[in-house]
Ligand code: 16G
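The chain below stands alone and is given as structure tokens, in the form predicted alone.
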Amino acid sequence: MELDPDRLLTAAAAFPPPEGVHFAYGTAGFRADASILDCAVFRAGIVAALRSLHTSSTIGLMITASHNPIQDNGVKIADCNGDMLCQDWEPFAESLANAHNPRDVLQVILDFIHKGNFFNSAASSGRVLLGRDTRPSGVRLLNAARQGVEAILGVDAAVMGVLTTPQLHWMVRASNRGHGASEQDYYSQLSHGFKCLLEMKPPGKGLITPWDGFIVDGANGVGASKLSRLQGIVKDLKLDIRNSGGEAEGLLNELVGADYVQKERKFPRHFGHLSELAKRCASLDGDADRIVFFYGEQAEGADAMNLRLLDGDKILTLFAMFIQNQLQELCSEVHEFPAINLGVVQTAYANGASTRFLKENLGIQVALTPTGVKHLHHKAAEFDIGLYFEANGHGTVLLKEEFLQVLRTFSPKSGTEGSRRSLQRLQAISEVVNQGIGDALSVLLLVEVALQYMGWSIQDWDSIYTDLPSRQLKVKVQDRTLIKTTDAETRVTHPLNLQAAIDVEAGKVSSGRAFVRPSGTEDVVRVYAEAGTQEEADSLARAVAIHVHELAKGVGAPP
């Protein structure tokens, strides 16, 4: 690898940093108002280019702000496996984004290169795939990213156009495995796996009532058009897509989308007919890496409908049941099949009822990680089959490469046709899921398959367990770093007396559980509480918030 300082300095001079702004690289990459992002996006292009050279692989860079308002935008980097940027590179990305001038940019790069013995391991050429969502600012920012990539000698910037975030991650993963990596290849793989699963449905399986498809809220984002294209390929996929981004439908993520439905517990726009709301509904977010499901339930003595939400916890549980069924049928009859390590990964925000159901009813191992998809993804990758979802609907299923190789080469000497079909179904599942990142389109297909196999309506799915009532609060503090946690953010180590106070309050209510954690983006401490009733959950959250306010130097009145 050779670095051309003059080329880099000239390019960097065209993208001066905004005054008084500090960029932090997290799970969402860099994200802010689009008007101040050009410099950060340009420099993220440099990071992606250097990462490509360092790993001798294709890297991805996506321009999106996901579920944020339309005036925002952001940039995130897809690593060589299709997952998120290696965490060891996040401090470098952050230092580079906040360098004061072109000379400092060059110095940050040189320091990083020499510190990592970069020249001894880097390739002479690289490639970065660039994608964007439908935000108006995306065209300008994509150009900034392209210039950042091309500021590094020998690295090619391949503009892939308007994509969902999961599509770009999928393309990076496929490219580095020597597979077809076009958008059409993406649709072909998902649709092939979906068709195979439906064709291999056991006799008599399927919904008891006639299936009339899903009504899908596209959040006025990129996912609506991509889902429409997928529907054109998969003829058995019955979808009524609303909020697809037309001029009359509203703005991106405004009163629509998975984040709105999940956080506000409200129906998205254009979901107003009572007869429709009793059907199966789903909502994507702005870049289609999240999805939640919902339906309307008639309120007693009223004409209105109450929203019944099936969030990431319910999706995770459905997938765990479906995959466990395939493994049980296979392993019960094919005795020579190797033992499989199946596990699910959650954060402390997962509803306690879901965790209890997974452990006690299904007997599945549950691991906890700190909040953030990057933590969940890496933990899930430790299992032969690892499933993870956040409550917001972001998650996927990971199948370890060694396990996939067993599926491809295993030839059972015993067992029935049913067990052999289970083997084939697991292979088909690996085609439907996006192993790079959570993917709303992929999840929608697998939910449909699982419901067909279970013979369930959305109401049946919802009834597998009842969520414990919960409440979340924020406490403003002078310095959120005063709060220190352990055990996947479920226990407080500092301030010293805070955890004991939380335990006392949780013991006062039925099924009480509470934890606190410092926000990653603002000077607040987040409080989560759940209990047997909503009144108890609200009371527990308020009591814990008061303790946080007193012991962590709260600002203003406690919640």
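So that there is no doubt, residue numbering starts at 1 and follows the sequence shown. This structure is a prediction, so every number in the text was calculated from the model and none was measured.
Just so it is clear, the following notes concern the form predicted in complex with this ligand, a form of the same protein that is not shown.
- Put simply, M84 is close to this ligand in the predicted complex: some heavy atom of it is within 4.5 Å.
- In the predicted complex, this ligand stays beyond 4.5 Å of every heavy atom belonging to P69.
- Although the partner is absent here, E522 lies within 4.5 Å of this ligand in the predicted complex, judged by heavy atoms.
- This ligand is not drawn, but in the predicted complex it has a heavy atom within 4.5 Å of R526.
- From the list 130 to 138, 366 to 374, 106 to 114, 176 to 184, the contact stretch for this ligand in the predicted complex under a 4.5 Å heavy atom rule is 366 to 374.
- Scanning N392, N143, S244, S191 against this ligand in the predicted complex with a 4.5 Å heavy atom cut-off leaves one residue, N392.
- Of the residues A32, A501, A28, V509, just one reaches this ligand in the predicted complex with a heavy atom at 4.5 Å or closer; this is A28.
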